[in-house]
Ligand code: HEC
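What follows is a single chain, given as structure tokens, in the form predicted on its own.
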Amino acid sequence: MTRKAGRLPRAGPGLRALAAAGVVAVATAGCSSHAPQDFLRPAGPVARDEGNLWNLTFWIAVAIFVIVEGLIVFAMLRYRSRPGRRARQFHGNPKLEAVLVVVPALLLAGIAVPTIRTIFTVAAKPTGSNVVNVTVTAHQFWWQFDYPDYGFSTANELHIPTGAPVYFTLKGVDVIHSFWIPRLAGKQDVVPGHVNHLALSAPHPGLYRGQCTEYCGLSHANMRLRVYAEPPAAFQAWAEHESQDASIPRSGAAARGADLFVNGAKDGTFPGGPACVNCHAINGLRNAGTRPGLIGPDLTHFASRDTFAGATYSNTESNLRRWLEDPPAMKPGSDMPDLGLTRQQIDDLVAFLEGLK
């Protein structure tokens, strides 16, 4: 028995079941009750303005889709070829062609008005005495946050006061990244050699998650960030604490860790001389790094952070120990190499770092 020419084979039950499962998976992918990066649930005025524009454009697009597809189906059925009658053609009909040009042009013009208004609204530089300025520097694969009005730097975890506008100055040092906090604002590219800006605010306290959304290398997915929106008094207390020097231990394992951090190992374990201070800064620690050209995160108050390594891992003793044993194993493409630390050196460094509250 041969298959008739031009007829496609029928899909078997297994293939149909697989296709149905795929449709269900796609349809339910956005139904999570706990989606911390759901941009369809805006939590700030900038995200709401962008969300309103999205809703307007989406429903207009839906209406156009339904009308166009409906007309296509109607034309296919009403004017199809039948016995004794050829299919009708509309080519060369000036009135119909004019309608097909004018109507889409009017729709695009109508959408352009709220789009341009929203662009100018969200791009406006905030004014007032309560504006918080933050300089964001994107690295492979972590975020550096400098607070110029307070004179300190932190990494991956951003704190902002509720109800106050925050103005970001975005810079890059290696490749193109993209800064995105979905529930507070749309994404903004971070381009080396070019400065971009972004403004946002958070009316209510909470934890807002974000990440890099421009593929930037092996650990692109591990380049995350956290935003802690807190009442102004709590933010001010946090900023004052971050502005202080680290408390440097004078004895015990933590003191040995501090010496190891600055001077390296006497047995030459660290290749190329002192390792930690080549990349990291700690305010208050003698000879501990310099801020210009910072390669790794500022660790002044490292122990007060909830996460590390691009906000990928919880800041626990076990995770920190694993990190010091082999950083690239936990974060592929990390600039921090495997230093070949001994168990004693790891114990001392962990004791020191966990004391940097």
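Quick note: we count residues from 1 along the sequence shown, nothing fancier. The structure presented is a predicted model; accordingly, all values stated were derived computationally and were not measured.
A second form of this protein, the form predicted in complex with ligand HEC, is not displayed here; the remarks below concern that form.
Colleague: Go through Ser201, Asn156, Ser153, Ser178 and name the one with a heavy atom inside 4.5 Å of ligand HEC in the predicted bound form.
Modeller: It is Asn156 that has a heavy atom within 4.5 Å of the partner.
Colleague: Let me know the one among Phe261, Phe168, Phe145, Tyr208 whose heavy atoms come within 4.5 Å of ligand HEC in the predicted bound form, would you?
Modeller: Exactly one listed residue reaches within 4.5 Å, namely Phe261.
Colleague: Hey, in the predicted bound form, is Ile295 touching ligand HEC, heavy atoms inside 4.5 Å?
Modeller: Although ligand HEC is absent here, Ile295 would touch it in the predicted bound form, with heavy atoms inside 4.5 Å.
Colleague: Although ligand HEC is absent from this view, report whether Ile248 comes within 4.5 Å of it in the predicted bound form, heavy atoms only.
Modeller: It does not: once ligand HEC is placed as it appears in the predicted bound form, Ile248 has no heavy atom within 4.5 Å of it.
Colleague: Taking the shortest heavy atom distance, is Leu299 within 4.5 Å of ligand HEC in the predicted bound form?
Modeller: Yes - in the predicted bound form, heavy atoms of Leu299 and ligand HEC come within 4.5 Å of each other.
Colleague: Would His280 sit within 4.5 Å of ligand HEC in the predicted bound form, counting heavy atoms only?
Modeller: Judged by the heavy-atom cut-off of 4.5 Å, His280 is in contact with ligand HEC in the predicted bound form.
Colleague: Just to confirm the contact call: exactly one of 136 to 144, 122 to 130, 185 to 193, 69 to 77 touches ligand HEC in the predicted bound form at a 4.5 Å heavy atom cutoff, so which is it?
Modeller: Of the options given, it is 136 to 144.
Colleague: Listed by sequence position, which residues of 318 to 348 have a non-hydrogen atom within 4.5 angstroms of ligand HEC in the predicted bound form?
Modeller: Counting only heavy atoms within 4.5 Å of ligand HEC in the predicted bound form, the contacting residues of 318 to 348 are Leu320, Trp323, Leu324, Lys331, Ser334, Asp335, Met336, Pro337, Leu339, Leu341.
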